[in-house]
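We begin with a single chain expressed as structure tokens, specifically the form predicted alone.
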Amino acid sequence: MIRGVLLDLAGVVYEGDHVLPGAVEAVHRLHAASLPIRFVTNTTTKTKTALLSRLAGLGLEITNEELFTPGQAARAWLDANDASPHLLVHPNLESEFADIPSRPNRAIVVGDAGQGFSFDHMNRAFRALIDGAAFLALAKNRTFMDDDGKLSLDAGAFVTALEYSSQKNAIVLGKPSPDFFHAALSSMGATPDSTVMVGDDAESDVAGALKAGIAQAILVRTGKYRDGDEHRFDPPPTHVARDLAEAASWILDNKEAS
């Protein structure tokens, strides 16, 4: 039985500045069926507050507790480990960490810094890592769907470069981290065996969720999806859908039978 739904945002609910056809209605249908939803995103160019505001502007009103972001996961890690951040993130995300006081421990926090991935910034992060700072990656995606409708290089390449040079593995806080998925599940009282994940990234969203123990994962052919993605990563998706509207229909059809 399906008792909870995890949804990616970019490439599933919206692309660029527009909502994908049928996506908002699909979310409403899932809510109407009394299925709790958590939106799990690897977007690291906006604060959680800004992202909620953007979604509202697109016609999707969701609560603060329904949205899970790598930024909030990083805040929780820093609090738990008495650490203050050294940021290599997009300027729009810096305010997410602005009120953290100076603490005994340091952690490099890497997100999608965009133009901020300069040699000087990368080298400062590298030097902090070899001096003992912890290494947090908000996400490690290979690519993302840019506003021009084409794939662009994501933060994963820069995280990997710092791992290679520092010989220190990053703690990945967003998808496909099992802890990220499980925190979302816990917040809605669902268990992995009764949850389905819907995403456009066959690696982080789908294979990541299945490796984390989530019973079912649907790959949608929108966003960053490219022909053949359903066969490129292991485990493969439970189901492949044209878009979120079709995925929602599959979920509702299988809600009681699962």
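Don't overthink the numbering: it's just position in the shown sequence, from 1. Note that the coordinates shown come from a computational prediction; the quantities given were computed from them, not determined experimentally.
From this point on, the text means the form predicted together with a further copy of the same chain, which you will not see here.
- With the partner omitted here, the stretch from 67-75, 180-188, 99-107, 156-164 that lies within 4.5 Å of a further copy of the same chain by heavy atoms in the predicted bound form is 156-164.
- The candidate spot formed by 14, 41 and 135 lies out of contact with a further copy of the same chain in the predicted bound form, as no residue has a heavy atom within 4.5 Å of it.
- Under a 4.5 angstroms non-hydrogen atom cutoff, a further copy of the same chain in the predicted bound form has residue 151 among its neighbouring residues.
- For the chain shown alone, residue 130 is a contact residue for a further copy of the same chain in the predicted bound form, at least one non-hydrogen atom being within 4.5 angstroms.
- Put simply, residue 171 is far from a further copy of the same chain in the predicted bound form: not one heavy atom of it is within 4.5 Å.
- Under a 4.5 angstroms non-hydrogen atom cutoff, a further copy of the same chain in the predicted bound form lacks residue 90 among its neighbouring residues.
- Contact residues in stretch 111-138 (any heavy atom within 4.5 Å of a further copy of the same chain, taken in the predicted bound form) are 114, 115, 117, 118, 119, 120, 122, 123, 126, 127, 130.
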